[in-house]
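Take a look at this single chain, the form predicted alone, given in structure tokens.
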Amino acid sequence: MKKKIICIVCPVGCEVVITVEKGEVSVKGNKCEKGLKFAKTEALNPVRILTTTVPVKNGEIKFLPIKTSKPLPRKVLMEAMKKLAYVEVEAPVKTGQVIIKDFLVENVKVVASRRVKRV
């Protein structure tokens, strides 16, 4: 398998070519070690920080931006969004406040990305 991607680890945005043959990953085009690590992860087990919003009850705004504390495997993102569709928080909320502990994967939290005052 051969795949071209743009590395998103730093502002350079290297065009990287990943080749996977017989379980071995080779990477060409990266200009740093971070790019090499990113490309290998992207080839074998892509992960993403999940960001979205959930409704806020009695808050100054209607939706609270949230994110996961660590990257989740890309293959579970749709399941994660389905679970978050049923989440509603009560104001007040502090930035960084844990909304959900151990979300889908142990030690991954869903946290608030901003403060919301109660009205």
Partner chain sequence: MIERKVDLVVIGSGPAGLAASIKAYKLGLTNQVVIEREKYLGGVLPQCIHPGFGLKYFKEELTGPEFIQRFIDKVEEIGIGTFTDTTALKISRKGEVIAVNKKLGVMKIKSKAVILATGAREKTRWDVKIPGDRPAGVFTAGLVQKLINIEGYLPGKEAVIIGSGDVGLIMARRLTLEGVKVKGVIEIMPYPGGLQRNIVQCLQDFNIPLYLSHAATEIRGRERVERIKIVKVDENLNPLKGTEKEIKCDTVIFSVGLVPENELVSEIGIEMDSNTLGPVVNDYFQTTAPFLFSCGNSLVIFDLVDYVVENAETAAEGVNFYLKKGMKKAEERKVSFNKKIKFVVPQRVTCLKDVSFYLRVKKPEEKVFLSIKEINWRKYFQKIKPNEMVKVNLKREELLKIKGEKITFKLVRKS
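Nothing here was measured: the structure is a model prediction, and the numbers come from that model. Positions refer to the first chain, counted from 1. Only the largest set of C-alpha atoms that superpose within 1.5 Å between the two forms is called the rigid core.
We do not show the form predicted together with the partner chain, though everything after this point is about it.
Asker: Just one of N45, N58, T53, S26 has a heavy atom within 4.5 angstroms of the partner chain in the predicted complex, so which one?
Answerer: By the 4.5 Å heavy-atom cutoff, the listed residue in contact is T53.
Asker: Would all three of C32, K40 and P73 be in contact with the partner chain in the predicted complex, where contact means some heavy atom lies within 4.5 Å?
Answerer: Result no, not one residue of the spot touches the partner chain.
Asker: In the predicted complex, is there a heavy atom of the partner chain that lies within 4.5 Å of any heavy atom of N107, even though the partner is absent here?
Answerer: No, N107 sits far enough from the partner chain in the predicted complex that none of its heavy atoms falls within 4.5 Å.
Asker: Under a 4.5 Å heavy atom criterion, is I8 part of the interface with the partner chain in the predicted complex?
Answerer: Yes, I8 is a contact residue.
Asker: Contact between R118 and the partner chain in the predicted complex at 4.5 Å, heavy atoms?
Answerer: No.
Asker: Test of understanding: in the predicted complex, would T95 fall inside 4.5 Å of the partner chain by heavy atoms?
Answerer: Contact with the partner chain, yes.
Asker: If you apply a 4.5 angstroms heavy atom cut-off, which residues in 60-96 are near the partner chain in the predicted complex?
Answerer: The stretch touches the partner through K62, F63, P65, K67, R74, L77, M78, M81, T95.
Asker: Is there a C-alpha shift of 2 Å or more at A85 between the shown form and the other one once the rigid core is superposed?
Answerer: No.
Asker: Can we say the CA of I49 moves by at least 2 Å between the shown form and the other one when the core is superposed?
Answerer: Result for I49: no, shift under 2 Å.
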